[in-house]
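Okay, so we've got the same protein chain twice, two forms, each given alone as structure tokens, structure 1 and structure 2.
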Structure 1
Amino acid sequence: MKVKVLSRNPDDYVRETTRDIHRVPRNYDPTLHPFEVPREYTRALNATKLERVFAKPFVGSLDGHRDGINCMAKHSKSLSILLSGACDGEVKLWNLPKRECFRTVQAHEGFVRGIVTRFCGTSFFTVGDDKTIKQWKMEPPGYGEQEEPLNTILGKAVFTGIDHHQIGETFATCGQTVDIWDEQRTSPIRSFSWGVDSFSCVRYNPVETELLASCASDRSVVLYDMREATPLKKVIMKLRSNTLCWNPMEAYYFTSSNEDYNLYTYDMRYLDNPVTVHMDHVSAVLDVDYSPTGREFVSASFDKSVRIFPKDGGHSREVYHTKRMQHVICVRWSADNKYILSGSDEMNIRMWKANASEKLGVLTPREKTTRDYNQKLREKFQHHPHIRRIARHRHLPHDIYKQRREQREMRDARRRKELNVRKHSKPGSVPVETEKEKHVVTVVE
């Protein structure tokens, strides 16, 4: 004879303390919850709307320069220190949490063209229009001491950029040639040139530390290996690249900012076509910097805006602008992945949140749970038309909006003309060119 007995474990429903929340038994069988998806959709819609409501990315501005900011550098060891160089030869060191300048150096006559910190964070290097490279102590001078550089190197031509090796005592400069310098010597240990007038930017690879890349005035991006006597190869594009930045997580990928309003991500092993073409700016892109995670990068443009792109996305996920901000010359992504710093023509450095709607400060466990739940809901319903429209919408200044519309019309006209030419030509005589193929002229090895 079978006897069926109901048995309950008190641990499943009895609270441990009177302050604890009541335990509720739940059955996750979908047939018992027919309205779960509509309920989740409503929550996702509300979460998306609230994200746009709370999207206030601007954190603060750093005032103090008396001329436009031309270059910036992050401290290699400290999150709270930023270095900036202006067009009047002045270098300022900033304390970011306090948003104040704690040191000013009159480094050069004319523009400060480049600034970089040493890998150990004890000193920094600057180059300027006065044809000098100067090394400065990171610590301010003591009481009664003069502000003097540790080392000064006089070059033969104007230097336009500088970058330091990630782990070694060498640094690279660019101007009429790309030069590799040892910190202990006053002449370059190696010089690279490839029939080019001048170079505008040079960058060390943060992963494969012996590799360099530079942007040249003949519309090319040139790759070098310090272990070899000659450059590796170069890709020549339709228009000139201004700056480039290596992906800190994927050794072979780099992104270059171009005069044709686009950014191009390349795999250095296959330079025939870019991996991705990033479009959205309506004027020349002047600077680019990767996030420490390598998943996104930020770009600064002459169109007075800052945009954030996913590394494999063709369009930006975020655009930042203010009424007062003029042409954005330089931009940096902070090493803790939380902030973006932009320097512009009107003598201001602005601090933005990398995630516009993120709440700053300490979050309670319940706030963290809600944030993560809302994020998952937005990801689950991100392709629904209504939610996608709300999540993608950004208010743009009238000038940018008008220029985007004009460029769209021009692009459509070019596409129509190309289709008409192909339709009235001999089959195969007018090949179909993809967007990636249009911008590369040739690769020279």
Structure 2
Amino acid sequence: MKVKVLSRNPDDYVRETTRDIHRVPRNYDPTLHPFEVPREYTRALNATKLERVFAKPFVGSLDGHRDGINCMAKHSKSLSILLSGACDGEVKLWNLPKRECFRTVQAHEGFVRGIVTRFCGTSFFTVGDDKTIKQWKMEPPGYGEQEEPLNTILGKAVFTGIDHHQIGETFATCGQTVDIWDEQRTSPIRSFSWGVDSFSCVRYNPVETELLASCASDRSVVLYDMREATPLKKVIMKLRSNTLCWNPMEAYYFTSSNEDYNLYTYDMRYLDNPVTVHMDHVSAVLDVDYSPTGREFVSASFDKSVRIFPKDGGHSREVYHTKRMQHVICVRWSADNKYILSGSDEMNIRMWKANASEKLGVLTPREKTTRDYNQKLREKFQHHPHIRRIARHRHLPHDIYKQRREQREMRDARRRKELNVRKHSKPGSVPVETEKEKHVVTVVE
């Protein structure tokens, strides 16, 4: 005869250690947990609201420069070091966690036009208005030593930008021509020019390391291969591009910041049309930098704001501004994908969180799970109007807001006019031009 008794296995309810959390037996029967969608919706709504509440992206500012900041560079090996060059020829090295300057170098007379660290992180190069390229040690000089560059190269013309090869011992400068230099030599090993008198920016492709791109003053973006004797191709746009940046994870995409308030992402193989046109700024875009994950990029604009765009999104997901921040000249995304650094006219470098509402510091596992869950909830319900409205709301300075409205009106008017012209002309004589097609003048081979 079988006797039935109540039996319980202590393993089911006893904790292994006293520090362990209590075991909570759960019953996932859906009838016991009704209204899952409304409940999750409420949670998503709360998460969205909290995200907005906690969105405080400004971390701190680094002040010490005595003139507007013209260029910045990340250290290639250390997250805590930032280099910045100012319009008075001063270069400062900053300790980011301490938010203090640990070294100042009077590098050039006139502007410091470009600054870049060597891939090994032991030295950095600067170019300035005094037609020189200087290489500096990263460590400050020892006691009693003079602050002197390792090497100085005197060029024939002003250099406007510099970039170093990802792994090789070459670097590229731009000015009247785009020059490729060997570190060991005082004359360029190669110099490219293609009927243009000056270039404003040159950048190495971080993935396909032999490729370069530059922005020229004839409103063009030119591609080069370091191994070839000639440039590869150029695309001429309606207005001049100021800077460009390659996607560090996707070899053939680069984004250029343009004078026409937009940014353009190109596939270097198909220059006829940009892949995406990123619009939102209300003034010329001066600098752009990709996040190291290659998913987003940050842009600095003359309209005193910094915006973050998804790499394939037409509009920004975030806009940063403060009352005191003037025209933002340069911007960099930190190598750990956490911070954004912007240098502006009013001599300050500002540090922002890349994700505005992110909690800094170490998270407990429970915090992590909550963060992930909330993130997913926001994603899940992002199309619901209520949530979308909250999630997308941003405060803008009055100027930008006004200009935005103005520009929207202008754009509408232009579109309306075009429509009217098309309506009153022979069918087919006024072709429909997409936004992507509008900005490219021609591609020169």
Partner chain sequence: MVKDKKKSVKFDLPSKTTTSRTMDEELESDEDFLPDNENIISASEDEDASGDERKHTKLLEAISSLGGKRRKKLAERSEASLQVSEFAVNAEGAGEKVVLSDLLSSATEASRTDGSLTKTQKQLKNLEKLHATLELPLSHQQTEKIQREAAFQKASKEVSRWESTIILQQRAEQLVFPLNQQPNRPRRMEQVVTSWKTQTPLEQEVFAVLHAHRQPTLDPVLTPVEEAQLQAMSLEEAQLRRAELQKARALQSYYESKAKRERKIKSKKYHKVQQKAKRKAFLKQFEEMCKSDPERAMEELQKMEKNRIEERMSLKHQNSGKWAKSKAIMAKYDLGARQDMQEQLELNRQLTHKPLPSTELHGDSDHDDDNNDPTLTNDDQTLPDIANDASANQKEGANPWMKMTAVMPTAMEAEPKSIVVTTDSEPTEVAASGGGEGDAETEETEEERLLGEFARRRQLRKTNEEEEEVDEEARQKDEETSQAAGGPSISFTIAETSEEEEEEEDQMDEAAASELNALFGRLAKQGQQDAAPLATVGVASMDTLLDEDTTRVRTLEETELLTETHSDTAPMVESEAVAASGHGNKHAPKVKRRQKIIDLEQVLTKQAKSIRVPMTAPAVEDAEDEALDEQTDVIREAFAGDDVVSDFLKEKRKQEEASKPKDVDLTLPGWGQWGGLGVPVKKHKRRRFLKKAPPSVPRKDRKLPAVIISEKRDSSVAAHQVSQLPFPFENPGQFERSIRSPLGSTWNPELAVRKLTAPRIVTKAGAIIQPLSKDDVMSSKKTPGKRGAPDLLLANVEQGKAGHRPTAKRKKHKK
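Nothing here was measured: the structure is a model prediction, and the numbers come from that model. Only residues modelled in both forms are compared. For the two forms, the rigid core is made up of the largest set of C-alpha atoms that agree within 1.5 Å on superposition. Residue 1 is the first residue of structure 1, and the numbers go on in sequence order from there.
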Structure 1 or 2: which one is the form predicted alone? 1
Report the hinge rotation between structure 1 and structure 2 as a whole number of degrees, treating the chain as two rigid parts and superposing on C-alpha atoms. 22
Cα shift between structure 1 and structure 2 at S7, which is computed once both forms share a superposed rigid core (Å): 9.0
Do any runs of 3 or more residues shift their CA by 2 Å or more between structure 1 and structure 2 on a core fit, and if so, which ones, in sequence order? 1 to 34
